[in-house]
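Below sits a lone chain in structure tokens, taken as the form predicted on its own.
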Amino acid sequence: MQRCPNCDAELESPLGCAACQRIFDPPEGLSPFELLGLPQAFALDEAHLRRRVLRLGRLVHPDFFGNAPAQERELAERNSARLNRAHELLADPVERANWFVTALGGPAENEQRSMPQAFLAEVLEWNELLEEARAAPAGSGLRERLEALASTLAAERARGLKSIAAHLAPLPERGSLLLRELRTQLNALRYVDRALSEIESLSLARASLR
């Protein structure tokens, strides 16, 4: 555990010291876990994460540095942005898993775009319904089918996340072949999230035309 160079208190985060209210300029390249002072593991207590972010947010929020020198205000703005980016990444399990795959030396999303073979057959069916929904006029009676597809996709997302979580506990060795398999599963989840977002947009558009 690092200690504050100003008051010697234990630091919860390299962003600043809650004991003496000093903020610091941590080096670039720290992981989101390091910035938030959390152990590096895929399993994460979401309530604990929120509490940690709220505490650190009060420490580094620029509003508390309105009368401080310009350099300190700028540092508060940078640290607040760093904190927000780290929180956004860790709060989303798909983004968190994506970070681990790349951080452990696995392929990036633009390097490996394949999805599981069994999943691809279902994607063809789902795409047909989405194409039909895009082209169909309002009042065409597709609402029930879109709702059923959304339910199917939500269940698929939950299964995919459960599988990924199991493969990331414990974390694979750096460069493990398992990381390529995890990338294919993440690609499938990306598709699911895009499809769910499109269904929501289509449903809202249809609702506005009633």
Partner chain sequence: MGYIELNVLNAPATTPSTLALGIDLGTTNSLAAIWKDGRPVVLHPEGKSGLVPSVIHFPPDGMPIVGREARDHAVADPRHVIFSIKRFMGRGLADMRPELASLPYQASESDNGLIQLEVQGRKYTPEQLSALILMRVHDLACRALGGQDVRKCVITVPAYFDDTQRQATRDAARLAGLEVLRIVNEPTAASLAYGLDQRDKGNVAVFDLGGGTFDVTVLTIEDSVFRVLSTAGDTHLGGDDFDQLLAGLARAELGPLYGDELLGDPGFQQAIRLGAEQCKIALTNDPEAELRVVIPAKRISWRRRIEREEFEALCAPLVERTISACRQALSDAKLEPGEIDEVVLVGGATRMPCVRERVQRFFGRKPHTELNPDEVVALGAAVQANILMGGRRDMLLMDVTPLSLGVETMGGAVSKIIQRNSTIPCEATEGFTTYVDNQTGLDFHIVQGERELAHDCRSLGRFQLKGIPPMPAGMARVAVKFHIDADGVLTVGAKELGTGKSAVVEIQPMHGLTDAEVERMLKEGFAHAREDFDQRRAADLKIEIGTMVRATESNLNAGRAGLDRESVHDLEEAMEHAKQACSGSDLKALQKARDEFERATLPLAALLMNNVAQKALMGRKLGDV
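Because the structure is a prediction, the values reported are computed rather than measured. Numbering follows the first chain given and starts at 1.
The discussion below concerns the form predicted together with its partner chain, not included here.
- Among 62, 26, 172, 160, the residue placing a heavy atom within 4.5 Å of its partner chain in the model of the complex is 62.
- Residue-level contacts in the model of the complex: of 109, 132, 125, 88, one residue has a heavy atom within 4.5 Å of its partner chain, and it is 88.
- In the model of the complex, no heavy atom of residue 102 sits within 4.5 Å of its partner chain.
- Taking the partner from elsewhere, residue 98 is found to have every heavy atom lying beyond 4.5 Å of its partner chain in the model of the complex.
- Although the partner is absent here, residue 37 lies well away from its partner chain in the model of the complex, with no heavy atom inside 4.5 Å.
- Interface residue remark: residue 200 is counted as part of the site for its partner chain in the model of the complex, having a heavy atom within 4.5 Å.
- Stretch 63-71 is the contacting one of 180-188, 160-168, 142-150, 63-71, since its residues have non-hydrogen atoms within 4.5 Å of its partner chain in the model of the complex.
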